[in-house]
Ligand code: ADP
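We begin with a single chain expressed as structure tokens, specifically the form predicted on its own.
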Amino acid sequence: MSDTATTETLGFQTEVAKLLHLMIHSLYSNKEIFLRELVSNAADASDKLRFESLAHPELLAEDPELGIWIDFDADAHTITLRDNGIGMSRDEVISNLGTIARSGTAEFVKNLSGDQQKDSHLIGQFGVGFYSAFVVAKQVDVRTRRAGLAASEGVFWSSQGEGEFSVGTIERAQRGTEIVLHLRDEATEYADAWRLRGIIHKYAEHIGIPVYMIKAQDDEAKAAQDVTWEAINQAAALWTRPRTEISDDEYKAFYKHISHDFSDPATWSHNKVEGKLEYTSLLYIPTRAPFDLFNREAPKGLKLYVQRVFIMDDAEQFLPLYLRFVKGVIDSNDLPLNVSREILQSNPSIETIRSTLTKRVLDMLSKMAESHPEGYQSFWDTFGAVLKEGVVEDHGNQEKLASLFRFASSRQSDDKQTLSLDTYISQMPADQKAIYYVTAESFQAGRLSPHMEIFRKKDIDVLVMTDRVDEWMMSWLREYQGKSFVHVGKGDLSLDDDSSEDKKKAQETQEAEHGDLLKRLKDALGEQITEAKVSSRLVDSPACLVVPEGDIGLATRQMLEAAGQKLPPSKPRLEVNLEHALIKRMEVEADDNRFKALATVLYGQAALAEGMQLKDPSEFVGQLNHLLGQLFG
């Protein structure tokens, strides 16, 4: 470290130290990913310099031809990668190379502690690409200077990937960054021209900046030390090339470049729009979800270019939040070059592009569901809960979204969400006018709910919804293909045309005949219920709880209130099965104390069947034990 004027030794952020330990001491199935990540970072540095040079052209003046240079020394076992991009200041070096500047770092490190095969697939994701250098390097040295700073403000950073790193000030004439990897003994194979060229062709053929390596030389040229650099990639942004000239492997490699995901994408769409509004988009549907998928505040969006000039990494304005899993690039000729986040939010072209791209993504998913159902099922299992958010956020595409949804069915024995609404409707009896569903904490709780008894008896299929988002979603999704949605546990239930005046009168007659029982139940349970009524839902169970139509389910309400959310007051009604032995026994019970004990047990059973937690479990257990004692005493 002789080229440093002043140095200091600092400790890594805790999560980084853990991450490096896992990288160094674990086995990885694909070590070559380190070069993809370092080249990608160098390309990003060049993109950022181009953007800053729009306002400050002097930053490019000293060295306008941007590139990435890769060299190696087989004898010294080193690889050197250099770029003339934006570079870093001392503070940026400490921040960028000493911490992981991304939310959810602790969770990422937790994920890395799993099996080694899984670990290898996580490398290169979530903003930790630089650290993949330590997969092959026992020491990494970095020399850098930020564009616009004086040569005396260069920075030297070095670490052996353990608990500490050193940072110092150096004299550096060139802007940009140089990284030297001192290879581990088991990784010396990478200090080879053919090996490095092969990796570059695999991962960096598509980036819009040339990658140079020293041209193969004859003995005479070597003796004269006549070094000639040659570009080994096309250096043309993939999305600017005609689709007919791009192979599937190139599309997949480009996805990995922009997403830092090791897996292939599920599908993609490359489209160029010409006319009044001109832009090119390349959109990908991933196969795997990032760990922060359900963090709505996490960075998301497309890479934005304007007239091939990089603007920003996470342009979230071009897709709705429920499509935050989509990766890709958009390049527009119709946005101003001095575009900023504020201009993006107010520019009239944005909404047009956003609407078109949203429909394009939904069409991609529809085509995948039709032509590759197994692949779509895998997508749904991974991203379905996020896609459901679109029902609330994107009313204009509600019908299209609903056609993409998959649900579990009460006729299934497991919780696999495979049934589409179109299939459900096609299998409905001719006289069924509604799509029936139930929301529950688990599949078995929903499938075996007392509310389902009449549906099992009549062999009517019911959608069983168990995702946390379902209750919220269904408060907005009212119908599909002209069929209304009906929650089997809410409001008054009408299964067919029997809900005529005759049925109403029969119900009223029952209510009147058993009015004393219903009043005693209401008096015994007090403010826990709004009323007691005769049920048309129940076949085997003695009672169930029913909330008003449009209200939040009981279990969901309890969960939200426990989380501190204030909700408008609501109470269920108790419905009883007059044919059940317990209800018949209660109707003739003369002892008010015993009747109240029976009512408490009845309500508790119904609440537990809904997935609720009892407010006073000890009272329920006490009353149950008291009744059992009387029975067997």
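Residue numbers here begin at 1 and follow the sequence given. Model, not experiment: these values are computed from the prediction.
The protein also exists as the form predicted together with this ligand; that form is not presented, and the subsequent description refers to it.
The stretch in contact with this ligand in the predicted bound form, judged by heavy atoms within 4.5 Å, is 84 to 92, chosen from 368 to 376, 200 to 208, 84 to 92, 455 to 463. Taking non-hydrogen atoms only, residue 96 approaches this ligand to within 4.5 angstroms in the predicted bound form. This ligand is not drawn, but in the predicted bound form it has no heavy atom within 4.5 Å of residue 268.
Although the partner is absent from this view, residue 576 stays clear of this ligand in the predicted bound form, with no non-hydrogen atom inside 4.5 angstroms.
This ligand in the predicted bound form comes within 4.5 Å of no heavy atom belonging to residue 318. Proximity to this ligand in the predicted bound form, taken as a non-hydrogen atom within 4.5 angstroms, holds for one residue of 168, 129, 384, 286, which is 129. The single contact residue among 260, 533, 490, 406, judged by any heavy atom lying within 4.5 Å of this ligand in the predicted bound form, is 260. Residues of 33 to 59 that come within 4.5 Å of this ligand in the predicted bound form, judged by any heavy atom, are 41, 42, 45, 48 in sequence order.
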